[in-house]
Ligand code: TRP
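Starting off, we have a lone chain in the form predicted alone, written out as structure tokens.
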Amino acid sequence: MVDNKNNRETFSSGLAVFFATLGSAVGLGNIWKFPYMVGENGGGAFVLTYFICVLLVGIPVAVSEFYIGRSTRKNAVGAFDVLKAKPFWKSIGYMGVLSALFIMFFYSSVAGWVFSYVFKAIKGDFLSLASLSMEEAAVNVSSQFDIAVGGSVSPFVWQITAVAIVSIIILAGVKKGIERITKTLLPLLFILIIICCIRALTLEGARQGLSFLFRPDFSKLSASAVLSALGLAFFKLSLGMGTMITYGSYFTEKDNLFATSARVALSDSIVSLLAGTAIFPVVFTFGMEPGAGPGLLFKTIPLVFSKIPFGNLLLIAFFILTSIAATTAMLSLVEVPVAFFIEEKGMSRNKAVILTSALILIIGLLTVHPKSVFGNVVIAGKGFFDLFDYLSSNIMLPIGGLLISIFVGYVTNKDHLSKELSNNGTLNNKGMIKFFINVLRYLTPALLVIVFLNSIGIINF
């Protein structure tokens, strides 16, 4: 489907819009980060706080980015020219493009680990764990993880593989590439994670795991946990990095921006809860630590599934699920600089994809692996892997989200905003628009300022 005003490709339907934007939001954070943050921050109380933060921060910023994108039909930088904003506001778009690249430098490496574990599971590398003692099996999976992360060849090959897969999809364009893949993979992701949930619910620790996940214990909820929930709600929905502006520019005129953002936020949260439902029963069954972090995915999951009937099949399904989440999230990240190069620099899609992929691989391969050329370089106490993560997640994204909320809340023409959010008056949502503007002007910026100041250590809780 092509937008008639500027011959620009758009998504073909509301369903395609939903799957594409949900694919952007759903990523590795749903599979491992959400569960371990729940484990570290009080279980069900943290989950409830997270949902409140999604409502007060996530959805307002998502709607704002959709508005900027659809109303301009431009990339994250060019959109502000169409809105006739002062040059300063284009910094939002530039930070979004830079953030997307910074995230891909290390995120593609983690995605490479996931793809390597799909291959390992299919080869049967974990089949021998069933015959080993728990201690021997733990040493085995730890050794395999160390090779996957710190090897001299494997991590480089798999990072190249991850970027190549995403690049091939994006080369096909918006409809034939991003839309077709997300519409196919997202339903499969739901099916696989539900299969894992069903198996987990048959384990001895299912009741304890579900109680931990869904029963709030507010005595364990600290001020820092509330801020963590606020930050997670913002970052997990792919906000502040230009992805939702870029995807919003491919929306059709009939798409309801409020409904789309709410459906994506709800579905993304459901995926996170399903991941927790699949993981916590097995964690409690085998007496593991709920807050085990990334090791929960790469070290303990193979160990757990090795002790379960049909475990290797479930392990294959689990890592295929995780690779799907990684792929759909990377599609939106890569599309941000690709759209920028196409529209602002006049490149063809092929050249833009090649340039973006080359930047990601050259910088990523040289810096983020322990055995890469700059793998041992430390800046401000951080290696490049952690530095890229810190600069994007703790600096650029919160600033980007804050500026977006201020721009839409105070700078944009309110008649134009209302017209866009009501689909030219065809939606009866004046009350919703008024509530949205008030939240965006007063509550969302205040919360984002707190998150940002906490993330850089100016205030501590």
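Throughout, we count residues from 1 along the sequence that is shown. Note that the rigid core is defined as the largest set of C-alphas that superpose within 1.5 Å between two forms. Small disclaimer: the values here were computed from a predicted structure and weren't measured.
Although it is not shown, the form predicted in complex with tryptophan is what the next lines describe.
Residue heavy atoms within 4.5 Å of tryptophan in the model of the complex occur in exactly one stretch of 138 to 146, 252 to 260, 190 to 198, 235 to 243, and that stretch is 235 to 243. Note on contacts: among W158, F298, F388, Y107, the single residue with a heavy atom within 4.5 Å of tryptophan in the model of the complex is Y107.
Among M95, A329, L230, A265, the residue placing a heavy atom within 4.5 Å of tryptophan in the model of the complex is A329. Within 4.5 Å of some heavy atom of tryptophan in the model of the complex lies at least one heavy atom of I103. At least one heavy atom of G29 is located within 4.5 Å of tryptophan in the model of the complex.
Contact check for I360: every heavy atom lies farther than 4.5 Å from tryptophan in the model of the complex. Interface residue remark: L333 is counted as part of the site for tryptophan in the model of the complex, having a heavy atom within 4.5 Å.
Once the rigid core is used as the reference frame, the Cα position of Y50 differs between the shown form and the other one by 2 Å or more.
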